[in-house]
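In structure tokens, the next block holds one chain alone, the form predicted on its own.
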């Protein structure tokens, strides 16, 4: 078994108070507990959730001070005494779900993200915006040694989350799915997972750059909410029979798209809510929802099996991650771009710089 030299201190991005900013500074390297592993994080994707964690605008208590991040890919350099199925030197990924009790009714039914005792990376426990991070061994993603750690990092949240949402939608090969926020980090991957699952994609987003990105990734149609005079009708018209998509995947970070979705999804269609705009609400006409037999569901990340399935799509080359890499020291600049809605694809931070 390989032995690693682990430093006493490391570079990290630390949110010291709710509202930010994130401060690039040195902090101690922690030691793993009996059921934990210590991962030398090489790369970490940046998710919109990380911005919410810094701003503290979700109705969920946030650890402070906090090291954010939950898309960390790296190498296992230490393990606790109870860990037997992970070797030092193995590649592993830190996900949003850092750990769960594995004993409650949800964990027993493979719904561990719903565990009332769940630990959340970069939210209730320190995450992957540091060079060395801890996670429960049972929940880290097992990554093949030949896996590109830089590219796979966003799969650990964005990929798993959209793949799970598509599964929850029940959409079948040959059917149409509308992806709202298709030009963003999650959307760019959702298009590819949907195509790999045999679905036709209608991308919904704003601007020519995002239109070009969606079309390049294989969207059958694109509706620009910034220029559309009647978005509901335009989405319906993008399906061959004009009845609308069979499912809608909502990745938006504002409330309005959540209100529109039930208007254009076809009868007996399913609306999947994944994006979490702050202080937003869902609203749908009861009469229309009943008479058209519309299903509205929430989908919240994936379990351990979903993780391995999502990674398998990536490993087979069916999903490519559109990303741009910057240094960990530049994280605050990424948050600024995120606030301005200027990010196409995903940003990844390199913890070595």
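Superpose the two forms; the largest set of C-alphas matching within 1.5 Å is the rigid core. Positions refer to the first chain, counted from 1. This is a predicted model, so every value here is computed, not measured.
Beyond what is shown, the protein has a form predicted in complex with a further copy of the same chain; the following relates to that form.
Among heavy atoms of residue 85, some come within 4.5 Å of a further copy of the same chain in the model of the complex.
a further copy of the same chain is not shown here, and in the model of the complex it never comes within 4.5 Å of any heavy atom of residue 28. None of the heavy atoms of residue 145 is located within 4.5 Å of a further copy of the same chain in the model of the complex.
For the chain shown alone, residue 78 is not a contact residue for a further copy of the same chain in the model of the complex, no non-hydrogen atom being within 4.5 angstroms. Remark: all three candidate residues (172, 198 and 300) come within 4.5 Å of a further copy of the same chain in the model of the complex, counting heavy atoms only. Checked against a further copy of the same chain in the model of the complex, the candidates 210, 236, 164, 91 yield a single residue with a heavy atom inside 4.5 Å, and that residue is 164. The candidate stretches are 125 to 133, 182 to 190, 97 to 105, 210 to 218, and the one lying within 4.5 Å of a further copy of the same chain in the model of the complex by heavy atoms is 97 to 105. In the model of the complex, 34, 35, 58, 59 are the residues of 31 to 66 with at least one heavy atom within 4.5 Å of a further copy of the same chain, listed from first to last. The rigid-core alignment places the CA of residue 220 2 Å or more apart between the shown form and the other one.
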